[in-house]
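Let's start with one chain on its own, the form predicted alone, as structure tokens.
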Amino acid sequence: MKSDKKYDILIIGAGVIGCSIARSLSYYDLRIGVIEKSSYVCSGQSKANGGIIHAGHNSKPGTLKARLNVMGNRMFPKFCSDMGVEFKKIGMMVVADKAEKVPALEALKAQGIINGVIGLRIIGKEELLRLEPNIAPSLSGALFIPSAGMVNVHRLVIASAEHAAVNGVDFIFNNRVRKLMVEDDKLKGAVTDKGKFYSKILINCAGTESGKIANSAGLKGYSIIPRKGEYYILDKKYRGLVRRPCFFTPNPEGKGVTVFPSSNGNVLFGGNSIKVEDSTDFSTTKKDFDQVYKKAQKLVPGIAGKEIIGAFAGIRSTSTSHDFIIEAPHKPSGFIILNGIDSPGLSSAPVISEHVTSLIKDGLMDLRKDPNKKHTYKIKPLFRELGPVEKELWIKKDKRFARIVCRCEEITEGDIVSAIHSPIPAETIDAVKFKTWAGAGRCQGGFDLERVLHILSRECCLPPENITKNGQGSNVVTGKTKVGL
């Protein structure tokens, strides 16, 4: 049913940037709405983010990317700690495959120092192999970046959204913005699939669609270049194959193929950069896999293709300037656009949210802190993360934590029920997966999909055929078979 709603601030997009901004603004006396075209948070560009927190060495000096990346990296430990999300400061390697590439490492180091990155140093082959024993012995050396790290991007975005929701922010899912409403050079709101949403300020964090949405308000110059990156997940028995993200020296199109450990214990490789016309093209191909696999093996020879348990692709929204664009145009007033927030967007998220808050304060709206809003919120941990004593206490309170649903990832029925009834309810198969990691292990849901489906059906009071993978049109089952056929 369509209905018109009024907000002080409307945010388009529930990825890492949109949810971080929503959380920061939720401390104020404001009515805030977040519109998301998908069925859950972290379902667009952020979904395919590897979770690497960059230090800031790779961005061109003087750019907004460089400044915000370095500042965001320094804020990340507290940013995560405040929400109960683990941040691992494990460092990063950029390696030279031959001696002729070592000067490129020196140039990266010099650039990083200009940007304000600390602790950068060039290491030789001997130290590289000591720090990364499984890396190719033919490599010549590396730039070691100790301030880089890793985070579970899904848990981080969900925690940000939950904190915002606890503070009264509305999340409106399965709702695509069709156009913006402008009257007398003033932005009035958005026309969506679920009616008109009016607001005093609208913040465009729509990722690959940010340019199209800006165009609907009469603004030009915000075109997006969609670039697809493909990634492949190795079985957890390869845990420790690399201890930190390992890159080759970057090329003009990006950072190139990476081999890196994930926050969930798998090792991933990938990160090619393919220009695509269709920003919904998430396909992976044999041709591109062969190219990525060859480069990854050149970096870490121990990678085995037969141990790949999953593959995925994501789209990066690169601006034509190849820099972040975060601005409030003079006309139409009341509009803030974030355009081209590709890598290192995740690393910059803490400071981007502060930057947007400052833009609002600087002439768009007076902001007043609400003493009733919660300034602290921690996402509920998974049962597997607890110590023995805590596990025993949880089981005494709720026996469902004693029932394993996902064997690969050790996810319990209690974890899944908690996710379904959290401040941002996980009401699809993918939402449960993102919140708990159920179905993300070696069997890729083969063992637990049916169980998750029935738990969702029971807790959401819906028949199984109404449960979807990720929203409308993705029903998992269509009905029951007839007995005797």
Partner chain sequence: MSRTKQKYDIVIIGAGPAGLAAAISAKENGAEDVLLIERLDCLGGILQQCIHPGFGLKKFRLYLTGPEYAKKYIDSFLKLKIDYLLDTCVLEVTPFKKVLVTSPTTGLKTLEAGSIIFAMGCRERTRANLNIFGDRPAGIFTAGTAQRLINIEGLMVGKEIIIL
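Positions refer to the first chain, counted from 1. It should be emphasised that the depicted structure is a prediction, and the values quoted were computed from it without experimental measurement.
The same protein has a further form, the form predicted together with its partner chain, not shown here; the description that follows concerns it.
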Just give me the single entry in 453, 32, 64, 417 that has a non-hydrogen atom within 4.5 angstroms of its partner chain in the predicted bound form. 453
None of 392, 106, 127, 193 but one has a heavy atom within 4.5 Å of its partner chain in the predicted bound form; the exception is 392
Region of this chain that lies against its partner chain in the predicted bound form, out of 401 to 409, 116 to 124, 158 to 166, 370 to 378 [heavy atom, 4.5 Å]: 401 to 409
Is there any non-hydrogen atom of residue 310 lying within 4.5 Å of its partner chain in the predicted bound form? yes
Wondering, does residue 462 line up within 4.5 Å of its partner chain in the predicted bound form on heavy atoms? no
Consider residue 283 of the chain shown here, and say whether it contacts its partner chain in the predicted bound form, taking contact as heavy atoms within 4.5 Å. yes
Quick one: is residue 232 in contact with its partner chain in the predicted bound form, heavy atoms, 4.5 Å cut-off? yes
Residues within stretch 416 to 448 having a non-hydrogen atom within 4.5 Å of its partner chain in the predicted bound form: 442, 443, 444, 446, 447
